[in-house]
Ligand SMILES: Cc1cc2nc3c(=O)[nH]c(=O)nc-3n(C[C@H](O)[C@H](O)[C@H](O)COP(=O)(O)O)c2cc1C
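As C-alpha cells, one chain now follows by itself in the form predicted on its own.
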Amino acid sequence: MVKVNVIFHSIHGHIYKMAEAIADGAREVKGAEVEIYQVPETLPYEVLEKMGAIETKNLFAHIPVVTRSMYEDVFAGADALIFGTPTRYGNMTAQMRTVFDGLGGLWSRDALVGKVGSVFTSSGTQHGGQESTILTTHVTLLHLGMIIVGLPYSEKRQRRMDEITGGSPYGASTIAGADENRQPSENELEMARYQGRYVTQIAKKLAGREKEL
C-alpha cells in the first residue's frame, strides 16, 4: 500500500478540478490509497461573494478541510503529498502558505523527511507565474526534507504547440483566464493525471525499498 494525499486551495474551482484529475491518476496505481483535502479559506464571506466565488466554492464544499488536528495523519501519515495552489504574484496563495507555516512541529522532528512532494498550479494568463509558483513552493518542500517530483518530458502533452495549454517539467498547470471563465482543458487534465500517477509510482517504489532496509 502507498498513501497519497492531495492538498489544494481553490477559489473558482480550477485547482479543484486539477486536484481531482491528479487523484484519478494516482488511483490508477495498484495499492494506492488516495485522499483529497482542501486548506482552510481565510477570505471573509463578503469578499468571496464580491469575487463571485460562493457558487464555485460550493462545488467542492464536500471535500474535507484539513485542520491542525489532522496534520499528523494528513501530512506525516502519507507517503506522498501533492499540493495544488493558484498563483499569486508568482507564489502560492496566503491560504496555502498558512498551512505550511503551521507544520513547524512536524518539521522539528523530521516527520516529512523522505516523503515525495509535488506541486501543480493555475494562473490567470499563459505566462502568469506558473513556473515560479511551483518552484518557490519546491523551496518549502526542500526545507521539509521532501523528495521533489515534477512532470517529466516523458509526458509529451506539455510539448503541444497546436493549442494554448499549461504544463511544464515542474508540474501540471492550467490557465484560468483573466475573467476566470476558462476551465482546465483535457490536455491539462491529462497532464495532471500523469503527474498523479507518476508521483504515486515513485512513492510506491520508495516505500518498498524502505521495507527492504
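Residues carry their position along the shown sequence, with the first being 1. Every value quoted in this text rests on a predicted model; they were computed, and no experiment measured them.
There is another form of this protein, the form predicted together with this ligand, and it is not shown here; the text below is about that form.
S.K.: Quick one: of 202, 23, 189, 11, which gets a non-hydrogen atom within 4.5 angstroms of this ligand in the predicted bound form?
M.R.: When this ligand is considered in the predicted bound form, the option within 4.5 Å is 11.
S.K.: Would all three of 7, 105 and 146 be in contact with this ligand in the predicted bound form, where contact means some heavy atom lies within 4.5 Å?
M.R.: Verified in the predicted bound form; spot residues all out of contact, no.
S.K.: With the partner removed from view, which of 124-132, 138-146, 107-115, 71-79 is the stretch that lies within 4.5 Å of this ligand in the predicted bound form, judged by heavy atom distances?
M.R.: Only one stretch passes the 4.5 Å heavy-atom test: 124-132.
S.K.: Going by a heavy atom distance of 4.5 Å, is residue 19 a contact of this ligand in the predicted bound form?
M.R.: So residue 19 does not count as contacting this ligand.
S.K.: Looking in the predicted bound form, any heavy atom of residue 39 within 4.5 Å of this ligand?
M.R.: It does not: once this ligand is placed as it appears in the predicted bound form, residue 39 has no heavy atom within 4.5 Å of it.
S.K.: Is residue 29 part of the interface with this ligand in the predicted bound form - any heavy atom within 4.5 Å?
M.R.: Residue 29 lies outside the contact set for this ligand.
S.K.: Taking this ligand as it sits in the predicted bound form, is residue 51 in contact with it (heavy atom to heavy atom, 4.5 Å or less)?
M.R.: It does: once this ligand is placed as it appears in the predicted bound form, residue 51 has a heavy atom within 4.5 Å of it.
S.K.: Does any residue in 156-181 get within 4.5 Å of this ligand in the predicted bound form, counting heavy atoms only, and if so which ones?
M.R.: Read in sequence order, the residues that approach this ligand (within 4.5 Å, in the predicted bound form) are 176, 180.
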